[in-house]
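One chain comes next, on its own, written out as structure tokens in the form predicted alone.
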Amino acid sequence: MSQTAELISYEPATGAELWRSKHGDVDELVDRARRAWPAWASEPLSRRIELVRRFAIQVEKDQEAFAELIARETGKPIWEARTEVAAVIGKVDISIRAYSERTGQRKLDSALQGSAALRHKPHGVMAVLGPYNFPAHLPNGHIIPALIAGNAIVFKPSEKTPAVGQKLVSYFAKAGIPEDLVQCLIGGPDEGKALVAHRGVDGVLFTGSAQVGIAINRKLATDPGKIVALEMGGNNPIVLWDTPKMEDAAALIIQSAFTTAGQRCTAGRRLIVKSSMYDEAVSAVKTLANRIIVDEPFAEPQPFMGCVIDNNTADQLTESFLYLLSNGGKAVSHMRRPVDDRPFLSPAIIDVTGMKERPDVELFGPLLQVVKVDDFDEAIAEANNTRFGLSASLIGGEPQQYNRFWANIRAGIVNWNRPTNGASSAAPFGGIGFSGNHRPAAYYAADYCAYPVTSTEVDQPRASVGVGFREA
């Protein structure tokens, strides 16, 4: 680690430099957070809620400028960046309701034994590690519940979107929340590793790839004192079955696979389609995919897809497409680079039915794999043929088939005639297997931001001894 090194952020759509800053000092930030935390934890809940509401007001005042920054640093269309800012604002009220519901106080009176009470305490200093695809909304989904619960935060944004992370933290200070209580750690993987392992950190809240999440889990396996919540990726299946509404089905598949240029953990990666429907379904999806506008964030007409995060990512996705193609895959729509030196990709579709071994990896971009099956049991088995378990959708089918699908699919989000993505913040969000560690976020984030404390309480000492004592 080096506090003299600079981190530079570039706009992926243009290549222009957007922002630069020196790397942060992990020890200094954690120390400041530890000193700030006790006073915050002692504040009445009503005061903490008041201040996070002020945060929402600050974001709302600056929402268009914030959306423009998100669009520039991620390459996503401006319309989508605006929805992300709206989610940041909306997270406050949702988190307040969730905290009340998930961590409410309980008291059970007993005349002679006093009172039995259940309350919740914050953990202390929480490390939040955010991703680049939703650089404001997803870390904010950890930060707001953690603040309401009474924790201090050291937030390390992705090294690919540090400007958005720094801007997000600035709104907390503008709202009157002490600066040492929510801090932004600028840096790369070294700073992230140091933050996770730091003895002054009481919890790690992570959103990102399975590879990094598993490394965090392994690193902290011998440290049970730290709460660890892992939101990781998915190799998410869409099962397409009997339906007369093929155009609608195609639209749901396109939304699942190609929104945010496929850079969503809940994106549909695998389309599992009934053999008798294959030709019609693949033709409809391909036709709609060919109509997708791919362009820079502020282009007119507005694009459906922007670029992926950087050229290295685009190169890796192109290589993955070629790997599938050379190992038995059949191209339906080729992956192309319309601008040689920029990370724009056309939406790609490839039939991998004939592959002997299909890689069970999260290809984080606009690449949809198609598998043909003959019956519904085979479709469910193929959908479950993954170590991941985040999101799954059945499109078409009958209610009895959806009941079978819901009961047998291993995933934290199971939908019917809806996309795999677009989950509500008012519901729990998480997966199993390589997708998470059974600590769902969103509405259930309150569960890992505070721990329950049970107490029995009497206003004066009162006790007697009975069996087993000699007479005085």
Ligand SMILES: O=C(O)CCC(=O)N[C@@H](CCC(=O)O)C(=O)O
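All residue numbers are counted from 1 along the displayed sequence. Just so it is clear, the model here is predicted, and its values are computed rather than measured.
Although it is not shown, the form predicted in complex with this ligand is what the next lines describe.
So in the predicted bound form, does residue 136 come within 4.5 Å of this ligand, heavy atom to heavy atom? Residue 136: no contact with this ligand in the predicted bound form.
Using heavy atoms and a 4.5 Å limit, would one call residue 264 a contact residue for this ligand in the predicted bound form? Residue 264: yes, in contact with this ligand in the predicted bound form.
Considering non-hydrogen atoms and a 4.5 Å limit, does this ligand approach residue 429 in the predicted bound form? Residue 429: yes, in contact with this ligand in the predicted bound form.
Contact test in the predicted bound form: residue 67 vs this ligand, heavy atoms, 4.5 Å: Heavy-atom contact with this ligand at 4.5 Å: absent for residue 67.
Only one of 418-426, 403-411, 29-37, 53-61 has heavy atoms within 4.5 Å of this ligand in the predicted bound form; I'd like to know which. Careful reading of the contacts points to 418-426.
Does anything in 68-106 come within 4.5 Å of this ligand in the predicted bound form by heavy atoms, and if so which residues, in order? Heavy-atom contacts within 4.5 Å come from 91 alone.
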